[in-house]
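Next up is one chain by itself, shown in structure tokens, the form predicted alone.
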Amino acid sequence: MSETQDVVIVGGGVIGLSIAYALARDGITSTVLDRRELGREASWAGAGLIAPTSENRSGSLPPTVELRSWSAELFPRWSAALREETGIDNGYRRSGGVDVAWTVAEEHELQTTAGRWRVEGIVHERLAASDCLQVEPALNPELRLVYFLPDRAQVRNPWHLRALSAAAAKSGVRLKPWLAVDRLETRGDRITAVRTSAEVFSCGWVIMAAGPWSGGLLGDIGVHAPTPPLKGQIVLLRHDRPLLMRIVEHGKNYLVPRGDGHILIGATEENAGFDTRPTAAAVRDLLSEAIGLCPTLGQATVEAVWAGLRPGSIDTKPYIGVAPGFRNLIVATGHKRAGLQLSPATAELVAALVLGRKPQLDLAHFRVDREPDPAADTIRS
């Protein structure tokens, strides 16, 4: 237990802050370091989508599905606890969602996805065209296929990050924004310190949760865990009245209504290095997508556009577990589009490792030195 007293978390996004919060709830304080303002990278930029829970508890689900479903179960509990501890509402609500298809090919693909939902035990219903317009009257009536998923949920990313930061600070977590990590100092199979330009932090445990910057820091000490940045752009619209009640998903694109007339349109997937500048072409494509799905949005006002960098991995799964070659370095990154929605379960798994408990899920599937898994990534955020 002595090693748990000096925990340094590299990265103050939703993964790092969630880990700090989970540890603090077990009485373990930590130091969170971030290269800029806490939670202002991909965590802030996302749309806050929370996938439905899976009712299938047979133990035969893919590990990423188990992780996703567990996180979905944790979110309402975490949200209630955060609100009670800080007075901050993170915007969690079970808004439900619809998945739609335009073309014959998309219809077949969506039907295949519905087959996976059945296996996973995700509640869904195929809607007739007339029922679709009753559920969401503003949707384009020319859509070929619509499924209704009542258990989709959402949070407001900035509110959730603010609540996590406040709860962590209240529990004694030392939050250190604007303090970039230069390198990890090692001795044998241990990380002895985390060095920044201003301070050196000794450590019992180091948790690497620095998003797309994780791979470089790990590579410097010989740990191969690529985290290539995946750029995602989002457009924020505002209409004078709420048009949609539910999340609309079309392939990897989505419309997320916030209930106050705001609607998020996302999100692109671009290999653009560390460039976070929004582009005219991406904004055009996202607006075209939104207006096609919901024609009335053509009258909406564009309030903002932005981009974030999601951390990739060697395949479709995140890295979660102790780094090979080091017994006090835990890696928790590479979540791609799903960082926010997988954050509570990821945090609980990391906390179990620090505290010497058996993790609830088999971490072999997420280990850093695994063989790449080409399974399709169906998680969005």
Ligand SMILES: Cc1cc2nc3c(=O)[nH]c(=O)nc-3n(C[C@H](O)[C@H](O)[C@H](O)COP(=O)(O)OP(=O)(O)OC[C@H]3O[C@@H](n4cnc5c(N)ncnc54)[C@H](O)[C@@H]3O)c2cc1C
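Heads up: residue numbers just count along the shown sequence, starting at 1. Being a predicted model, the structure only gives us computed values, none of them experimental.
Below, we refer to the form predicted in complex with this ligand, which is not included among the displayed structures.
- In short, of 31 to 39, 348 to 356, 321 to 329, 65 to 73 it is 31 to 39 that has heavy atoms within 4.5 Å of this ligand in the predicted bound form.
- Contact check for residue 310: a heavy atom falls within 4.5 Å of this ligand in the predicted bound form.
- This ligand in the predicted bound form is approached by residue 217, whose closest heavy atom lies within 4.5 angstroms of it.
- Although the partner is absent from this view, residue 167 stays clear of this ligand in the predicted bound form, with no non-hydrogen atom inside 4.5 angstroms.
- Although the partner is absent here, residue 205 is not a contact residue: none of its heavy atoms lies within 4.5 angstroms of this ligand in the predicted bound form.
- Along 157 to 195, a non-hydrogen atom within 4.5 Å of this ligand in the predicted bound form is carried by 179, 180, 181, in order along the sequence.
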